[in-house]
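Next up: a single chain in structure tokens, the form predicted on its own.
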Amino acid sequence: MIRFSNVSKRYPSMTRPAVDGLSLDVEEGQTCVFVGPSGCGKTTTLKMINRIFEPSSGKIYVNGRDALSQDQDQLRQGIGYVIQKTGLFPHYTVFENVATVPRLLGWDEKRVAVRVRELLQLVGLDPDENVSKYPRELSGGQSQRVGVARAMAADPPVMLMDEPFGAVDPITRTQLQNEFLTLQQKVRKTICFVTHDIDEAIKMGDRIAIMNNGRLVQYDTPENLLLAPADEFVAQFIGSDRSLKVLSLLPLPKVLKRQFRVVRESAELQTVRASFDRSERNRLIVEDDHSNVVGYVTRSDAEKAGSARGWNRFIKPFPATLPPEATLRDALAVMLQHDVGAVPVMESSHTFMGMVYLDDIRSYVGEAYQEREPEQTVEAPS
């Protein structure tokens, strides 16, 4: 969908190119995040796509067409653009801001009105409450939602986002990121996204382009970047906690133990002990007679129970559970918070799916690093 072919941008005031020989492809429906230190060329790269800046050399293709051969206005009408602090027109209402591009394209007012309401609902704003407001009457999060709606108004196949969530508080920022990821699953736009925050890049990107001094250093998936950084600069930029960042990309099913012995809380002690004899684990899941999980019992407690039904008092509730969509980082955080070595995964409040163990997380991540280590070659003696 978007291709950079040996693209450079030079300014007379700079001793080196702002962007130097950039070549990469962004596939249709993907989110490509450009990230790097200040002055690395990421924003310049973004603005060359819609020709706010003209490249000094090289070619940029958008949807298979040379961007430099197209009329600038027509090119930009097919590209949504979201910037930090939204850039909303302060003298326009929310309706008028979102309607800007459709009106430029000559849409009739009925179609415009339908589209504006549809988009406001899509970005989580009540049309009835917000269409007549002015930007000064909106919160930062609301303004950013309106900015996204305006960028999507004419249903462009490509969107450019220049630090779109950088001007809001951390809680709102996380919420907007999550909402945008959900929205992207529905609309599947081709997105180029600029941020200075590597954590945001890892969360938002299908592919990440790390830049330094105008040059592309590594272009890869988030997982590959974390597990196999191309050089020391990439490793340092990602941070010393990259193993923890890897965990945020890995879903629980990677290490979920689904085979687990379950006993009813009404079972006889003999049945409980027999279940332990057939299990390699040191705990059993305990359900009530309606198959709802009520907790667990350990092997040592079952051995201490002195009567046929006295074992019930040793049933312990789980201090925490995780939903199946959680990540391994979520699991590790819960384990550390509650000082436990395993956490159950529940599909709903009582539907047990399996267990995640700390040892399995450690083993899985270790194996993932080993798989990406370069092979060591030994030269034969001469």
Partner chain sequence: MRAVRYFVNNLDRILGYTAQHVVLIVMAILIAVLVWVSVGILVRNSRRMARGVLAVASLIMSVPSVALYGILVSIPGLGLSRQSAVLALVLYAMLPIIRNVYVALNGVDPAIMEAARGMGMSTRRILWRVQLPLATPVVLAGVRVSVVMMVGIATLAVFIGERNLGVLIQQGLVRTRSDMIIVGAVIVSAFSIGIDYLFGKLERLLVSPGIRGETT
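Throughout, rigid core stands for the largest set of C-alpha atoms superposing within 1.5 Å between the two forms. For clarity, every value in this text was computed on a predicted model and none was experimentally measured. Numbering follows the first chain given and starts at 1.
What comes next is about the form predicted together with the partner chain, which is not displayed.
Chemist: Does any part of Arg76 reach within 4.5 Å of the partner chain in the predicted complex? Heavy atoms only, please.
Modeler: Looking in the predicted complex, residue contacts with the partner chain include Arg76, since a heavy atom lies within 4.5 Å.
Chemist: Is it the case that Ile52, even though its partner is missing from this view, gets within 4.5 Å of the partner chain in the predicted complex, heavy atoms only?
Modeler: Ile52: yes, in contact with the partner chain in the predicted complex.
Chemist: Applying a 4.5 Å heavy atom distance criterion, does Ser243 contact the partner chain in the predicted complex?
Modeler: Close contact is absent here: in the predicted complex, Ser243 is far from the partner chain, nothing within 4.5 Å, heavy atoms only.
Chemist: Can you work out whether Ile83 and the partner chain are in contact in the predicted complex, taking contact to mean some heavy atom pair no more than 4.5 Å apart?
Modeler: Taking the distances in the predicted complex, the answer for Ile83 is yes, it comes within 4.5 Å of the partner chain.
Chemist: Going by heavy atoms within 4.5 Å, which of 295-303, 97-105, 187-195, 233-241 lines up against the partner chain in the predicted complex?
Modeler: Result for this chain: 97-105.
Chemist: By the heavy atom within 4.5 Å rule, which residue out of Pro253, Pro90, Gly310, Pro170 makes contact with the partner chain in the predicted complex?
Modeler: Only one option qualifies, and that one is Pro90.
Chemist: Is it the case that Lys47, Tyr134 and Arg150 all touch the partner chain in the predicted complex, with a non-hydrogen atom of each within 4.5 angstroms?
Modeler: Result yes, every residue of the spot touches the partner chain.
Chemist: What residues of 15-33, in sequence order, lie within 4.5 Å of the partner chain in the predicted complex by heavy atom?
Modeler: Residues within 4.5 Å: none.
Chemist: Does the C-alpha of Val194 move 2 Å or more between the shown form and the other one once the rigid core is lined up?
Modeler: The answer is no, as the C-alpha of Val194 shifts between the shown form and the other one by less than 2 Å after core alignment.
Chemist: Honestly, after the rigid core fit, is Thr93 moving at least 2 Å at Cα between the shown form and the other one?
Modeler: Passes the 2 Å threshold, so yes.
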